[in-house]
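Before any questions on how it binds or moves, here is one chain, the form predicted alone, in structure tokens.
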């Protein structure tokens, strides 16, 4: 699933469409809009001007001059692309918008797991009210992380992936941040003392900043963009390979329905 760096890369590539008027919108897979009606969204978006393209955690918001926003969640295989000609649509296109001048915004999703809804500002605020602080913002301080972690018995990995605590952090970069901070993914987050929390706070910000740079560089064209594509992972998806720090084999365990990768020698 695309995480904060990949979603931010998508938004940056879309932002040249800010200020453009939408000529028409079409869903080729109307189920993406459920429980809303795709035809209703198409009708209300046609003629609107895209004023701002924003990100909140893993959520993409295309704010329109009507005051509403198209809320897009990419889920497992979704991607948004700004193309010079709206007719350049792949077989994986599930929705698209024609902009003035012939450009287009294309939503690709081979497995059609993503969601596209049209929300009012109040509905956006309500939907995203539980999303935590952005980890690369000035408000994500060590003190904030410590207050969130205090007295929690959640395993460190599952704590980091809970969007109420850290917005946008997912499986890949949570594992990498824990590795850099030398924190075992199963260790209760509330047990970490200040030096470990400090290391983890620094690791989260460093990993995401580096991953964002690599995601923006990797994002090129349709069907050629995957999460973690060019980020040099130390442990993620490297089960059985030597740890780059101590040489022991990287392990994999199931956590929260996902695979967690870590080094049993380095991470305590």
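Positions refer to the first chain, counted from 1. Computed from a prediction, not measured in an experiment: that's the story for all the values here.
This protein has a second form, the form predicted in complex with the DNA, left out of what is shown; the following refers to that one.
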Give a yes or no for residue 171: in the predicted complex, does one of its heavy atoms lie within 4.5 Å of a heavy atom belonging to the DNA?
-> yes
Using the partner position in the predicted complex, report whether residue 8 sits within 4.5 Å of the DNA, counting heavy atoms only.
-> no
Contact flag, residue 236 vs the DNA in the predicted complex, heavy atom cut 4.5 Å | yes
Interface membership of residue 161, the DNA in the predicted complex, 4.5 Å heavy atom rule | yes
Please pick, from 252, 245, 249, 21, the one residue with any non-hydrogen atom lying within 4.5 angstroms of the DNA in the predicted complex.
-> 252
Of these, 87, 111, 194, 121, which has a heavy atom no more than 4.5 Å from the DNA in the predicted complex?
-> 111
Looking at 71-79, 176-184, 141-149, 96-104, which one sits within 4.5 Å of the DNA in the predicted complex if you count heavy atoms only?
-> 71-79
For 18-37: residues with a non-hydrogen atom within 4.5 angstroms of the DNA in the predicted complex?
-> 29, 31, 34
